[in-house]
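Coming up are structure 1 and structure 2: the same protein chain in two forms, each one given alone as structure tokens.
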Structure 1
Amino acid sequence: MAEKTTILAIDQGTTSTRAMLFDADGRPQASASQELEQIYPRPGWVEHDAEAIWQATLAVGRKVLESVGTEAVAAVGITNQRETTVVWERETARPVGNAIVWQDRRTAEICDGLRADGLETHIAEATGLVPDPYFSATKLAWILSERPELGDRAAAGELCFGTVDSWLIFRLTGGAVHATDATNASRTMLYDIGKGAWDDRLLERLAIPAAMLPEVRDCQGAFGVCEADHFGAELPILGVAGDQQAASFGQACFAPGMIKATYGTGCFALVNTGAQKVTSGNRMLGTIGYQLEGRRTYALEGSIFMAGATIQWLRDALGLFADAAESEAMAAEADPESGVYLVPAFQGLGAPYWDAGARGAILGLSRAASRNEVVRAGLESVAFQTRDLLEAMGRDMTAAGLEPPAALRVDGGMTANRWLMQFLADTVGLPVEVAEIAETTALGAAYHAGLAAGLYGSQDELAQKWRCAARFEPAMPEAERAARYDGWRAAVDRVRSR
């Protein structure tokens, strides 16, 4: 029998589905990916074809296993775009409609109703979140209210709800397991992260039958076995975590005060708060960083909806460049004193504003402005939004008696832009450390599964393996840093809806 030396990590993201193999040292050995079509039925609506997600998962998993075969695979780890909402038939595993993506804003009125009912405080204290269309709860409520017959079927146990991890687990196990992990559950706005249980008050208010909810499990442990037909052999699923929590785990942010930011479609910053569940006073999100043997490690999170997606918009919608890599040179050539700001509120504003009605704008244009200045402003918006998050988190951490972070660990595709990384360090006033292994989301899923399988020794050993590929020190004078950020805040105020 071949030695089990490999972990298969499935990373199902917003714009693509990826499978990776990691060896016993946590090093990537092979990778395969497939783009995911974005469906926009109406302005502000974003959907995915859940069946296409499933087929892509099979395709990339099979492709990546061609290099080693299944004999060497010790376990499967899954990480996923969070909050995206899928409803399917328990008996047939057929989705009842498209998945509603985390970016979708169609449920803003439902969220307004929750605030009007005085539930904002309860939501913050129980779930750590804020009433916003971002989260799964109101997406699920909308699906059930739009098609009333589904509510009766859900109550009868005929329908399943899940985030993408649950959907993949159900399909991989042939319907044997309907489960999620604590990190994904903590992003639904239906889960009490202090009690570790679904919240009956919110389920009742949103008319969501408990019978359709998945079982919540630790991030490491048994999530069933992939049927042999899928990948050529039965493979145990031993690790699951939402993408941002997986990235934090892959970045070895195991100690309170350690923080990472992932720059993909959006930007998501997580800071470890240890055993302390911090209720934010600054509209940050309290969440579960990971759960092991029933013990929860908490985190504060800030979410930016548009990071890499802003650069895609500049490329695809405005045609300012042909390849995202060109943006680095364009930003370097731009006039640093142009005063141009781009506020990418295309889907509203995330933390700390939570303004679903805000809309994007380019401000400060003069006749001297060119495409270079607009591109630079798009990149700068990513750094300014990151500072928004870190300042709010810092106030929460100080109030909770936690030490501020000493550095910002970063990952994701945008970290290849060295100009942006330096501007980020200058803007937030912290050293920025780029992870040596860029695919930290998939790595985090592999770490969870590998620890459960016994392939990796301990979190301490994983922490020692972490390596920095590049470090950027703040170099901008404080007065300039403050002036540029003041300009950003003024620009944001111009686009706010409330």
Structure 2
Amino acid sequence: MAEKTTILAIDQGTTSTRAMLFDADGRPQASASQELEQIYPRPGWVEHDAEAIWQATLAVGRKVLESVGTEAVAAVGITNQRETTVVWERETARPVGNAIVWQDRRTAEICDGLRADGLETHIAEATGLVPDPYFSATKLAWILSERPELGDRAAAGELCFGTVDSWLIFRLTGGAVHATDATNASRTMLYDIGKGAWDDRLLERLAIPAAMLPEVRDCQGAFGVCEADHFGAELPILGVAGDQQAASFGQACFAPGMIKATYGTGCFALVNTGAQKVTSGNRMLGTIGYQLEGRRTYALEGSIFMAGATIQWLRDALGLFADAAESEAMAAEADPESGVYLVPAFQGLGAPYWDAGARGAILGLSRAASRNEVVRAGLESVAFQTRDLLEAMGRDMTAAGLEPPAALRVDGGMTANRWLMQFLADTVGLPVEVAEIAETTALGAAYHAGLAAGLYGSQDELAQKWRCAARFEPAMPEAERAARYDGWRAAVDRVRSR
């Protein structure tokens, strides 16, 4: 029998589906991916074809296994876009309609109703979240209320709800397993992250039958076996986590206070708060970082809507450069004393301001300002927003008796920009460490599966393996650091709607 030396990680993301193989050392061996069609039926609505997600998963899994062979695979790990909501028939595994994607805003009114009913505090305390269309709960309620026959069928146990992980597990196991992991459950806004149970009050209020919910399991453990037809042999699914939690695990953020931030289109930061469920006083989200042997490790999460997206806007809408990479040299050439700020409130301001009515602005322009200063201000806004998040998280952690972060681990497309990484270190006042293995999300899924399979020895061992490709130390004098951030706060104040 061939030696089992490989983990197959499936990373089902919003815009693409990727399969990767990781060896016994946790190093990437091969990768295959496929774009995913975005469906926009109306303004504010975003859907995916769940069947297309499944077919893409099969295709990329088969493709990547061509290089190594199925015999070498010890286990499968799954990570996925979170919150996206799928409902399917238990009997036939046929989706009842398109998946409603996390970005979809159609359920804003249902969320207003939850707030009007005074459920905001309960939602924060039980689920760690804020009433927002982002999460699965109101998407599922919408599907069931739109077609009343579905509610009856769901109550009779004929329908299954799941986030994308559950959907893939169900298909891979030929319908044998209807389960999710605790991290994905914690983003549904239906799961009590303190008790580790579905929340009856929210289920009742939203008329969601418990019979359609997946069983919630640890991130590591048996999620069933992929039928042999799919990848050429029966393969056990042994690890599951939502994408941001997987990235945090892939960054080996295993101790309280360890934080990672992923800089792509948006930015997602997750800080480990250990066994302590911290309810944020600063509108950060509380979530489960991972759950092992029934023990939950919690995290606080904050996100920035516009990170790389600001650079895309400078490139595509203003035409200031042709390639995102050019922004680095332009920022380096800009006048550091220009006083220009760019507040990218294109879709309002997120955490910690939560001002949906705010709009973006470029402030502090003088005749000396050129495109270089504007580009630099765009990059700087990413660092300033990160500091906004870190300060809010730091306050929450201090209030909970925890030490705030001592370093910032980063990944994602923007980390290629060395000027930005140095400015980030200067702005947050912490060393910034760029992960050596860029695909931290898939790596986290592989870590979960590989630990469960025994291919990886222990979390400690994985923590030892973590390497940074580059490290940026804060070097800016304290007075300058404070003055620049004060300028940012003043600029934000000028764009707020209230």
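FYI, numbering is relative to structure 1, first residue = 1. These figures come from a predicted structure and were not determined experimentally. In this text, the rigid core denotes the largest set of C-alpha atoms whose superposition between the two forms falls within 1.5 Å.
Between structure 1 and structure 2, the form predicted on its own
Structure 1, not 2.
Quick check on R106: with the core superposed, does its CA move 2 angstroms or more between structures 1 and 2?
The answer is no, as the C-alpha of R106 shifts between structures 1 and 2 by less than 2 Å after core alignment.
Would you say M476 moves its Cα by 2 Å or more between structures 1 and 2, aligning on the core?
Passes the 2 Å threshold, so yes.
Taking the rigid core as the reference frame, is the Cα of D152 displaced by 2 Å or more between structures 1 and 2?
No: D152 shifts by under 2 Å between structures 1 and 2.
In Å, how large is the CA movement of T386 between structures 1 and 2 relative to the superposed rigid core?
On core superposition, this C-alpha lies 2.7 Å from its counterpart.
If the core is used for the superposition, what shift in Å does the C-alpha of A368 show between structures 1 and 2?
Reported C-alpha shift between structures 1 and 2: 8.9 Å at A368.
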